[in-house]
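So this first bit is one chain, no partners, the form predicted alone, shown in structure tokens.
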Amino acid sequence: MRKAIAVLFLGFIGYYLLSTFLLVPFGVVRVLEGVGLKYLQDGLQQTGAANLVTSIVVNYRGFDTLGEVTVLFLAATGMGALLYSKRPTERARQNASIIVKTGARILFPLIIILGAYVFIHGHLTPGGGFQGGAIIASGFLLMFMSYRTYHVNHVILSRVESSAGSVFVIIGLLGLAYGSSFLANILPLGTVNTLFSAGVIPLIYVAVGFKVGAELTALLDTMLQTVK
């Protein structure tokens, strides 16, 4: 009886999902109407970013991105508060093998460089601050898992995170004061497809990269600790 009810319920959901998908218009003409067409036609000229996704996320919808960064900060703060303990802590695992530790020491700086490359070139290639910050945090996770006594300085991470967030807000306020809106571009756009282009977009992504990397690294370090 339960299986029959489950099958009927899944069939009911599947029917309405299929009906909804059939109502979605497909085709180049319909997809490129409205605001999407505006982005494609004017995005490169107005923002100077070769990556139009970046121009939408950081420029046209930059205020939304600030909200997303704030949500990540609140989530990391809440998790840290739940896991925080004033008692001494230690890793609840043993050191990895010499092969893993040696590999981690070799790969760690390369992972950090890759993460920095991703958020510095976010306006030119797929990627950006969130992706680059996550890559950097994965490098620290590799060290946490390879070395039982490897720790990070949470004071430094806190300062990096707060400074990066402040830079994001300051850039936004400068756009409001000297431009037309919050996060409006106030710098020269430069030449498209070069590193120094797209106005303030690269600066914003660098700030987001540092902020996300610091938050995730601190959170991972806290989660991997256990009370003695």
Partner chain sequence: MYLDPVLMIALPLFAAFLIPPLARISKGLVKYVPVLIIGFNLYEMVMLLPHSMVKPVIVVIAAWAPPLGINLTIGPLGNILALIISLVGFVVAIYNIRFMEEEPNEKYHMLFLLLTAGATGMVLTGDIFNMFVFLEITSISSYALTAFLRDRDGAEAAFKYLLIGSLASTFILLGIALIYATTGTLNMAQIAVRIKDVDPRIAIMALILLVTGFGIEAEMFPLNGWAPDAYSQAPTPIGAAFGGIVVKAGVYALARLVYTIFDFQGIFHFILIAGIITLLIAEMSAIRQKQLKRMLAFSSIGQMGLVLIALGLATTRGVEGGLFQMFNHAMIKPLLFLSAGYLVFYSGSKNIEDMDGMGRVKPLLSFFFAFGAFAILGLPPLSGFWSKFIILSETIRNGFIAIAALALFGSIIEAVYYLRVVGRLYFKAPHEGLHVQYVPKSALVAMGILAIITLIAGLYPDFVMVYLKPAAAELLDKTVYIKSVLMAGL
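Residue numbers count along the first chain shown, from 1. Note that the coordinates shown come from a computational prediction; the quantities given were computed from them, not determined experimentally.
Below, we turn to the form predicted together with its partner chain, even though it does not appear here.
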query	finding
Contact flag, Tyr150 vs its partner chain in the model of the complex, heavy atom cut 4.5 Å	no
4.5 Å heavy atom contact, Phe108 to its partner chain in the model of the complex	no
Partner proximity in the model of the complex: Ser158 to its partner chain, non-hydrogen atom cutoff 4.5 Å	yes
Proximity of Val100 to its partner chain in the model of the complex, heavy atoms at 4.5 Å	no
Neighbours of its partner chain in the model of the complex among 45-62 [non-hydrogen atom within 4.5 angstroms]	Gln46, Thr47, Asn59, Tyr60, Arg61
